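The chain below stands alone, shown as structure tokens; this is the form predicted on its own.
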Amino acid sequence: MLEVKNLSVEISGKPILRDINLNIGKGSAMVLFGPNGSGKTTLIKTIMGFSGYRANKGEMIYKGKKIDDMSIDERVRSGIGMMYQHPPKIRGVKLNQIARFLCDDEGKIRDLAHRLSLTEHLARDVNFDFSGGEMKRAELFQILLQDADLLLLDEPESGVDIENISIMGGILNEYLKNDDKSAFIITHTGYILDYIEAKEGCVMINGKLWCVGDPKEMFDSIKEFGYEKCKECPWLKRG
């Protein structure tokens, strides 16, 4: 579904990502690990098309088409959706207004809001006076109503308690059981691995992708030995 080839990215003239290669297949989930400041969020913002994230080398191919020159709007319309690590607050825009913009099925909106415990939040300004967990549930609510084919999830379980991780993880896993849906998931805690059937994981260190393998095995190794051990990984090295 998404292929990234030899991608290098600069922000304000500073190199951040170097020779990134990855392939996210249709109907699959890939997990990205890495220490803070390693470039993980830069990668998904580049895929999403954020301004200021300039690819000075390589290309991105989504559903067989190059998206390097596409606007964010064009990428969204083509089926790419993003869940923010730190969701923005939007004063004057109600959550139900965004929901109706994304989906014209009122029954679907009400049902998903109920399942994510957001029914009482629909009439409120987006993310104002929301807890961290409520913000993340609202983000998931929106990206699922968008019916995105490729989900870019930046630490979806960050700031969410165990009970709500279970709710979000179950709903997300159900969504990804559709063979047409794929996900690229950044995680620090690894909790999302208890719910998502991800077959592949990779590690980013200093703007480069190092090893690739089984995400649960990789996370266990990271917890025991730290990220520097990943540089010695016997698996395929990328970038």
Ligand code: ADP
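Start at 1 with the first residue shown and count on from there. Here the structure is a predicted model, which means the values were calculated and not measured.
We do not show the form predicted together with adenosine-5'-diphosphate (ADP), though everything after this point is about it.
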property	result
Selected contact from Asn56, Thr189, Asn178, Asn36, since only one has a non-hydrogen atom within 4.5 angstroms of adenosine-5'-diphosphate (ADP) in the model of the complex	Asn36
Segment assignment from 189-197, 39-47, 168-176, 61-69: heavy atom within 4.5 Å of adenosine-5'-diphosphate (ADP) in the model of the complex	39-47
Touches adenosine-5'-diphosphate (ADP) in the model of the complex: Leu22 (any heavy atom, 4.5 Å)	no
Cys230, heavy atom within 4.5 angstroms of adenosine-5'-diphosphate (ADP) in the model of the complex	no
Contact flag, Ser117 vs adenosine-5'-diphosphate (ADP) in the model of the complex, heavy atom cut 4.5 Å	no
Proximity of Gln97 to adenosine-5'-diphosphate (ADP) in the model of the complex, heavy atoms at 4.5 Å	no
Residues of 81-99 having any heavy atom within 4.5 Å of adenosine-5'-diphosphate (ADP) in the model of the complex, listed in sequence order	Gln85
